[in-house]
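What follows is one chain in structure tokens, specifically the form predicted on its own.
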Amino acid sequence: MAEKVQIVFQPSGRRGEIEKGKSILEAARALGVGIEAACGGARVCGKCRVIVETGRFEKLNLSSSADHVSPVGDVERKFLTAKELARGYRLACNAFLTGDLVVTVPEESRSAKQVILEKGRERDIAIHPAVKNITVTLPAASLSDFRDDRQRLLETLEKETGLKNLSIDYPVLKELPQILRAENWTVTATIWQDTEVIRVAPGERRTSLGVAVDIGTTTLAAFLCDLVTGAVLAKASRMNPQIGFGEDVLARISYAASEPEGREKLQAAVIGALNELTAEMTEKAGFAPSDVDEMVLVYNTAMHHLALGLDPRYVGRSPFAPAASAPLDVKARDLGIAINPAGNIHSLPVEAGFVGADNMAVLLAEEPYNGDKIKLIIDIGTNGEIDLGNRDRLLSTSCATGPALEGAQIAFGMRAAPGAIERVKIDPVSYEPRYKVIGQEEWHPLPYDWHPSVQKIAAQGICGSGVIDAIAALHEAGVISDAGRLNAKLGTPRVRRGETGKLEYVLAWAKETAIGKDIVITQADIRAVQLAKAALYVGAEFLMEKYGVDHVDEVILAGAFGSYIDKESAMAIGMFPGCDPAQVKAVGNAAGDGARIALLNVEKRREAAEVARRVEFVETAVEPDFQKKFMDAIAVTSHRIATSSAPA
């Protein structure tokens, strides 16, 4: 038999054994990973660019190296620069496998773009930004007025605005003499927090731009905002390029700590993505990246450290102490972020080791601390954050759900992209499935009279919302038990033993898929989802116990996953405490909304800092009955609680 090697494609998380000597492009096709190859692999287009990652990836249990592919050839030197080759770029058609490999498919090379949730909900935001423009006309320098240019500007600003003790950022000072004289001493000063001049432009400058970014473990969502009107001028999103170094935060912390220049590589990856997003949005809106005067970032604690270049090692070790938890303002030039170099990058406060600024942004958007209703807020992602409370008291916790709920670590799992199965129903008599794929409104199997002129989108895999739907439907139809075990005695070919000898359910036969393979739900897939959903449920249960309530008034699902899953399917498998579905609300990208709020209203930043000090963090893993509750919550069944508008 031909020798095989392991290959993992990021950010899709697709993994498999491929015959040694095959090209990366052939491996991608075999595993259903979409890579642009306009020439079909003829090595003449240079479009199939991928990045070979190096190092030991503990979570994936493999070591990846540039030596695990064939040497760089002349074709690649034609299409790739020396700098790109040094960064690990290869052409997938011309790089042949000799050993285990982790490969990142960059944004520009992906043929199937992931569906990334940018939209939150409509919110009224009071506009009070940290940055403002002031246009003034200075008295011209003369032999009778010996003031220097700096003093002349600051004294004029004080006279016009009442602002005293302003400073001028050094790079601004260097260009000041020429700018003051360009428009006969009329200039626009951009002032940050009423303390510092971060830009001086000749004449009247009305442009005032800021960027808010939600840096998730898996995805980035960015918003370009007009700081005067609050309008969102452009949006952009992409996969977090750090996925190539590990799908979850612990894997990335491990990489940063163990690999030479690991921390620097992880920071460079996310900073590069921020610069690309900013360039993309400003181009859409007719501006330049240098026109942006401020950026607000929200992220979990590990992403916070990795983006800012802080040492993340101790976040991943008990007692999980962050390097800094207070709000931070860092100059753009110090981080290498390509906006106004004198502009500031603001980070909302970190609440605890695994409850970060993104959770604070969710709280800022939903404001449970300003109301009487007891709200349970769940932000479901690779790392789940949960909040519970109202104006009287607010509790929070985090739980390591892992990437299973986003389609990773699932046999045929994939990110939410065209071709991913996103909804599933199972007939309780025949056990036959119906499913819907992203990109096509009609459910499969398609009707017999399907018009040949209408393109069919065949299934490539299954994303997180589809996995939840499938498990809920399988349980309801009796294909799996409360314990999550597949039933082999139903007399249907859909339930069978796979190549490993373990039971699996065939969701789509090979002839109807785009990958030429049966798409199945395995026993291991079911178990992975059980573990992830149990972590969420137990987190919510502990918060309710600590608060002293046996009910909630409202369940709020934040984030992309919370917006796309069927809430009744989620409750049916016990993902969170059950209640009246009418009281379960999806609010979209609340973390992104919170980032915009902090960008547009400096008072909200102060509010966030005050709330962060009030929130009580609950470390569920140290609770004496954690293990028992966790095991109880693994069962695939609804755990219902009461809902009421009255306190318990």
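Because the structure is a prediction, the values reported are computed rather than measured. So that there is no doubt, residue numbering starts at 1 and follows the sequence shown.
Beyond what is shown, the protein has a form predicted in complex with another copy of the chain; the following relates to that form.
Under a 4.5 angstroms non-hydrogen atom cutoff, another copy of the chain in the model of the complex has S318 among its neighbouring residues. Taking non-hydrogen atoms only, V622 approaches another copy of the chain to within 4.5 angstroms in the model of the complex. By the criterion of a heavy atom within 4.5 Å, D149 is counted among the residues contacting another copy of the chain in the model of the complex. The closest heavy atom approach of Y314 to another copy of the chain in the model of the complex falls within 4.5 Å. Proximity of R56, L536 and D550 to another copy of the chain in the model of the complex is absent: no residue of the three has a non-hydrogen atom within 4.5 angstroms. With the partner left out here, another copy of the chain still marks one of 373-381, 126-134, 494-502, 176-184 in the model of the complex; by a 4.5 Å heavy atom cut-off that stretch is 176-184.
Contact with another copy of the chain in the model of the complex, judged by any heavy atom within 4.5 Å, is made by just one of A323, A288, A458, A400: A323. Checking T217, T522, N344, Q267 for any heavy atom within 4.5 Å of another copy of the chain in the model of the complex turns up a single hit: Q267. With contact defined as any non-hydrogen atom lying within 4.5 angstroms of another copy of the chain in the model of the complex, the contacting residues in 325-346 are S325, A326, L328, V330, R333, D334, L335, given in sequence order.
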